[in-house]
Every structure is written in structure tokens, then in C-alpha cells.
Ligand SMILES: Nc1ncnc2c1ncn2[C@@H]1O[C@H](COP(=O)(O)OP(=O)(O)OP(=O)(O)O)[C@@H](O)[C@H]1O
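Shown below, as C-alpha cells, is a lone chain in the form predicted on its own; questions about how it binds or moves come after it.
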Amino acid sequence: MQSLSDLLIESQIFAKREVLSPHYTPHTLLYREQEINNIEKALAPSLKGEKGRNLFVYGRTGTGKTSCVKYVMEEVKNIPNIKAKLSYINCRLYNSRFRVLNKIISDHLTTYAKRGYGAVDLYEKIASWIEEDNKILVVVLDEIDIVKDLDDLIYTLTRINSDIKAGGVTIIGISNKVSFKEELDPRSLSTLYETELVFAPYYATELYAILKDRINQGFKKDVVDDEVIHYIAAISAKEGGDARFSLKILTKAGELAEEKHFQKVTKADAEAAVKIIENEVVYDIISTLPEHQKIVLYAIAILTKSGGTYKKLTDGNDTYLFSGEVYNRYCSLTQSVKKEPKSERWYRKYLSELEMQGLIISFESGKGIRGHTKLIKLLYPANKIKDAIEKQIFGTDIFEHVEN
């Protein structure tokens, strides 16, 4: 364990640690030139004072969605005499319609902030502020799907465009979940006139270049060898092409080397870092899942751990579960906590979302196994998933009586 005096000594590993942060926006975003250009094109009408289309940006965690949007926002701020006003809103913090409206007020009308206004008052204040000089308000909603009353928020923001004679609101929504709009009320959905942009995962070669660029800025010279960079890039590509994941591994590997007073980061440090970061990432992913997706994942975990109604299929050390069995256990779990199970149609969407998050994999069985059916495999240790959901969401024993 390092003492305080050790921590105050100049690092032999890191040169500029902040460039390794997932919140850092580099001057050049490698392999995202086309995506940045597409965001600029979508935003151009709003910047010219026209009522533009809303933009929804999708992609897995760590594909550069937020960084690219923030990059364009910085470009906009440097354009002189522009009427567009921007608000970036992290929906993990501002997760309701009232909080989002209040954040917009805080950004642009500070004299009216924190005065105890209700949502209607905030709406009217924002609308009149936009209309007074024909400005366009661009609202960036990062992790938009987390907003609890999203229908109300979407309807409120888009309603401004109908209620005012000049100016308008443009929404840029950022989400890991491509299908989140399908949960919107048709009333809200009908008000959206949007462009969609999907960010693909990074390849190993791209992750290598991104890591190399950050290492050149963030680490002392010759501290990280190419072998370590290639290893981290390959692991991260296999885990879904997540640049944020690769940077977390790199940073943790540097910290482990520093704790041992090494002069270089070794592959062993990187391998140890992977195990640590994987646990953190799983916990973070689970925390962002909607409640019913958590219950589906919990059902998969307990069936993988203990078996179920049907005979499990195994392939070496891998265990596959029948989709129908998982759905039945999901229904049992939801009823045990006095909730209404969703339909099989929604259940299939939940499986798709869990697969997109890299938590499970599924495929059609083909002929010979109870006809055509979907097989599901958990990609993380069942105990780890089960414990994370219990401790984080449900309490340690809320499902105990229905596990077996």
C-alpha cells in the first residue's frame, strides 16, 4: 500500500493522466471524421436559424458518441454571431422533465434559476426567451433513455416549436439503446422529425491507434511497449470495440505498475487490469439497464447457475438456455415482486438489448432441438451477475424464495 508521501512523488509512469479520462475530448477524434461530419450536417440548419431536424445518435458504450457531439459543440461555440444556444445535459444527473428544463434555465437564464418555478412556468419562460430574438435552442440529451418521464420531456420540448412564431428547439439525443424510441408514447413519437446516426464499434487496429495517441500524451516516454498496446486493443475489440474500456484497462495497468514502483507497464499489469476493469464495467452496465431488463438478466443468471425446468445444453464449459425457459422464469420473478410481466414481444427486445450490451449471446437452434428455438448464453460468470443485481437493485434476498 502506498503512503501519502509516495503519492506526492512525481510519477515515473504517467505524464498527463487527464488525457486518459473517458471525459477528455482530444483535439482529433481518430476514425470518427465521417460521424463528426454527419453531426455537423444535421445541425447546420439549426445553426443558420432554421427549424432543423432532431438527431438521435446510437451506439454501444465507448464508440465515441458523446465525444463527437461535444467536439461539434466546441466548434459551434467558436462561430461568431451565431443565434443557436446550446445546452449539454447528462441525463444520469438530470433524469426528469423538470430537471432538464431547470438545467436549460440555469444555462441560459440564470436570474430565474432556483426560484421554485414549476414545469409549466419553466416551459413558458424558455419559449418566450427563444421567441424574443428568433434563436434556436439545441438541447443535447446524453443517455436520453434514462429520463424517467421521457414521453413528457419529448412532448414538451417539441411542443415549443408549435407554440412559438419564431425560433425553435432542436434535440440531439444520445443513447446506447437503438430501440429506446419504441417505448415512447405514439403522441411523443409523432412529434419527432429526426435523423439517426449509428456509431459502429472500433476495430482492434483502430483501438491500437487510439491507445497509442493517448499514451504519447498521457505516459512518460517508452513506458508502454507495443506488446501491451496490442494486447489491450485485442481484448477491447473482442469485448465489443469499446475505446472507453481500453482506456480504463490502460490506466489501471499504469496504476498497478506505479504501485509496484516499476519503470514500465508490463503485459502482466495489463492482464491484471483486465480482470479488475471487467468487474467494474459489468456493474456499471447493469446499473444503466431498465428494471425489466435487469430481471431478465437475473433470470438468465440464476438458470445458468442452477439449471431449470428443461435440460440445459452444454458445450464444453459453456451453458446454453432455452429462451422459453428464461421467459417463464422472468415472469415468475416479476410476479414475485408484484409487477406485471411484459409480453414476449418486449421480452425479445430485452434480449436484443442485453446482447447489444455484450452481456449475453443468442442464436437460433436450428432443427432437432425442440424445433426452432432461441438459445441464450451468459457471457459473464453467473454468480457475478446475480450478486451485482441483488446488491445493486433488489436487496440481497428479495428473490431468494423463487430462485429454485
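Take the two forms, superpose them, and find the largest set of C-alpha atoms that agree within 1.5 Å; that set is the rigid core. Sequential numbering from 1, following the sequence displayed. In this text the structure is predicted, and so the values were computed from the model without any measurement.
Unshown form predicted in complex with this ligand; subsequent notes refer to it.
message: Which is the contacting stretch out of 61-69, 375-383, 42-50, 335-343, given heavy atoms within 4.5 Å of this ligand in the predicted complex?
response: That would be 61-69.
field: this ligand: the contacting residue among 122, 299, 253, 243 in the predicted complex [heavy atom, 4.5 Å]
entry: Result of the distance check: 243.
message: Within 4.5 Å, heavy atoms only, which of 295, 228, 169, 210 is in contact with this ligand in the predicted complex?
response: By the 4.5 Å heavy-atom cutoff, the listed residue in contact is 210.
query: Taking heavy atoms and a 4.5 Å cut-off, does residue 349 contact this ligand in the predicted complex?
result: Contact with this ligand, no.
query: Do residue 326 and this ligand share at least one heavy atom pair within 4.5 Å in the predicted complex?
result: It does not: once this ligand is placed as it appears in the predicted complex, residue 326 has no heavy atom within 4.5 Å of it.
message: Even though the partner isn't displayed, in the predicted complex is residue 28 close enough to this ligand, meaning a heavy atom within 4.5 Å?
response: It does: once this ligand is placed as it appears in the predicted complex, residue 28 has a heavy atom within 4.5 Å of it.
message: Whether residue 143 contacts this ligand in the predicted complex should be assessed with a 4.5 Å heavy atom distance threshold; does it?
response: Because a heavy atom of residue 143 falls inside 4.5 Å of this ligand in the predicted complex, the answer is yes.
query: Taking this ligand in the predicted complex, which residues of 196-232 have any heavy atom within 4.5 Å of it?
result: Residues within 4.5 Å: 202, 210, 214.
Large Cα move at residue 106 between this form and the one not shown, threshold 2 Å, rigid core: Moves: no, less than 2 Å.
message: Given a core-based superposition, decide whether the C-alpha of residue 288 shifts by 2 Å or more between this form and the one not shown.
response: For residue 288, whose C-alpha is compared between this form and the one not shown after core superposition, the shift is 2 Å or more.
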